[in-house]
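Here you get one chain, nothing else, as structure tokens; it is the form predicted alone.
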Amino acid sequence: MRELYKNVGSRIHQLDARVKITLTLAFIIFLNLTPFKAWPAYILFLTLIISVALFSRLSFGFVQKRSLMVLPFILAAVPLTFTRQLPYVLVPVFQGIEVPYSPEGFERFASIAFKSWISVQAAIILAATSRFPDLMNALMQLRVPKIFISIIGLMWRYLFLISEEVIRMMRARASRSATMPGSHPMSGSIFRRASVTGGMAGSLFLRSLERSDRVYAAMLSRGYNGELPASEATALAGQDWWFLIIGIPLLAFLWILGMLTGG
């Protein structure tokens, strides 16, 4: 497992993490408050986020590839296409089989999918242009409750520990699975593969619990008191203030445009 941070030295990378968190949250909030029929505003939001990605020297493929993680959440909105109010339109699917769908429901689904896709891109750019410790310090300086910061910090660090456990388990499975050259190491019936996968998942759960106990004991022995150490707050630089002064009104303007053009 690798961190999302990409050190390419752009102006966005040099911004204070507090500014980037504030603008990212404002972007997501204004975007999701935009009415579902305001497609001109959606296009402008998308143009803005792509421009920020290019200004950050992040490749288009890097951002789009990682934004695919939103697909499972988008699928949850598919029922809107078939459950909204009348009128319904019949779409031929197979010989003599027609599926009714609501045009308004489909437009709502497309709106939710588009908003989710753009919001995830904003979060990816934030993570790719900010080091994780800088984000944690920025959240502390923004007066986010310490319990939330501790949960986020520990969760992020434990993800790397769990990924290491998974790699070791897969290496152990491969070393104990004698197969013919060219055959898949997990060959066999689907029930056998499901049994092996279930056993690995259970073993991973037990190993994670044991590993977390050892890590927590090590943290306590080194003086951990339930809070992550914070650095001293520093004043925002001039360019940080300019990004805030320009960014917030620009996002508000896009939202107002969406309110005027939406349904």
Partner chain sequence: MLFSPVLSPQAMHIPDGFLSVIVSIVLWVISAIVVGIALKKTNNELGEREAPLMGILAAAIFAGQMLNFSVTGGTSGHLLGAAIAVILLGPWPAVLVMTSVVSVQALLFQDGGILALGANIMNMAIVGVFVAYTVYALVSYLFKKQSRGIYVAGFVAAWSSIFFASLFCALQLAVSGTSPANISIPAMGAIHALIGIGEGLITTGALVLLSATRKDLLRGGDNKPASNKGVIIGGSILVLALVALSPMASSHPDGLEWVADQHGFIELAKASLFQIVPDYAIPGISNIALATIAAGILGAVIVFSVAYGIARTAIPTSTQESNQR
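For the two forms, the rigid core is made up of the largest set of C-alpha atoms that agree within 1.5 Å on superposition. No experiment lies behind these values; they were computed from the predicted model shown. Residue numbers count along the first chain shown, from 1.
Below, we refer to the form predicted in complex with the partner chain, which is not included among the displayed structures.
Although the partner is absent here, residue 259 sits close enough that one of its heavy atoms falls within 4.5 Å of the partner chain in the predicted complex. The closest heavy atom approach of residue 174 to the partner chain in the predicted complex falls outside 4.5 Å. At the 4.5 Å threshold, heavy atoms of residue 102 stay clear of the partner chain in the predicted complex, well away from it. A residue is said to contact a partner when one of its heavy atoms sits within 4.5 Å of a partner heavy atom; residue 198 meets this definition for the partner chain in the predicted complex. In the predicted complex, the partner chain lies within 4.5 angstroms of at least one heavy atom of each of the following residues of 14-32: 14, 24, 25, 28, 29, 32, in sequence order.
Taking 2 Å as the criterion, residue 217 counts as shifted between this form and the one not shown: its C-alpha moves by at least this amount when the rigid core is aligned. Fitting the two forms on the rigid core leaves the C-alpha of residue 44 displaced by under 2 angstroms between this form and the one not shown. Remark: with the core as the superposition reference, the CA shift of residue 205 between this form and the one not shown reaches 2 Å or more.
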